[in-house]
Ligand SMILES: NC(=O)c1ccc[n+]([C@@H]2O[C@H](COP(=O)([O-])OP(=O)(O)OC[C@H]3O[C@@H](n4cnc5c(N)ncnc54)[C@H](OP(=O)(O)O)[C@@H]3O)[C@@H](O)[C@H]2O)c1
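Coming up is one lone chain in structure tokens, specifically the form predicted alone.
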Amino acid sequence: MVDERIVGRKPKSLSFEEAAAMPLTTTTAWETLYDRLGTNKRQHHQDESHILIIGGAGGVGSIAIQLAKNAANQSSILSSLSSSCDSGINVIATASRTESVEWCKRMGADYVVNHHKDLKSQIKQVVGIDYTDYILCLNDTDGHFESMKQLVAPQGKICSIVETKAPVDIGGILQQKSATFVWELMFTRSLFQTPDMITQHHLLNAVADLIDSNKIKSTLTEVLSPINAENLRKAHRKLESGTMIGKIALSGF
């Protein structure tokens, strides 16, 4: 039995496979952007903001780019869940291969930089800014932590979904900047039975509306069939390779 507070309706315009690729990554992306980073609560005097999404071509990154670019202007849909969003978020995604760069652009990224190279210098050269207001880390928190500390704007926010293997220093420059570092786990509400669990039901229905109105696309890129041990292993190998673009689904028994 599944608690109705953490599920939403299937978008009418998607196949079951396309729909199956969405809930986990969508919930994670939504919560990182709105609940953790508060991109929907920017100051009214702030005409333009930038978010850096490290790992833009993956499952969460693919939907996070779309939500940041497209859903942020859908205040009529979001109003029941958050304060009204203003426009002006520029998305800087990271990708390292030609196909993943193109995918990020298709999802709506304004700029794409290579996470295997120095991020701060690339962003200065490509975007012309020294700091980003928000950073969403979806890959190798340990490896990118020093770059994120330097890149986050004064009073800016960093959110990561990837556990660290070693302690990280949240003092120093982060303290000087009064910067925020916050974690995201989409299971938090259900694990701890928080009073706002129903939020996940509402956000999934809101995204279903965005999909059916062609504001958001499914991030499914591959379907393996049937569901058996061989295809499960194949899917895991793809995920573990670190080269997966979008989402993969298994279908049929």
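The structure displayed is predicted, hence computed values, not measured ones. All residue numbers are counted from 1 along the displayed sequence.
Keep in mind the form predicted in complex with the ligand is missing from the figure; the text below concerns it.
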Hey, with the ligand in the predicted complex, do T39, A68 and V152 all fall inside the 4.5 Å heavy atom range? no
Residues in which of 51-59, 190-198, 205-213, 222-230 have heavy atoms within 4.5 Å of the ligand in the predicted complex? 51-59
Classify M244 as contacting or not contacting the ligand in the predicted complex by the rule of any non-hydrogen atom within 4.5 angstroms, answering yes or no. yes
S96 within 4.5 Å of the ligand in the predicted complex, heavy atoms: yes
Please tell me whether any heavy atom belonging to K157 falls inside 4.5 Å of a heavy atom of the ligand, as the geometry stands in the predicted complex. no
Please run the contact check for S218 against the ligand in the predicted complex: heavy atoms, 4.5 angstroms, yes or no? no
Selected contact from L174, I123, I161, I89, since only one has a non-hydrogen atom within 4.5 angstroms of the ligand in the predicted complex: I161
Considering only 130-161, what residues come within 4.5 Å of the ligand in the predicted complex, judged by heavy atoms? L138, N139, D140, H144, I161
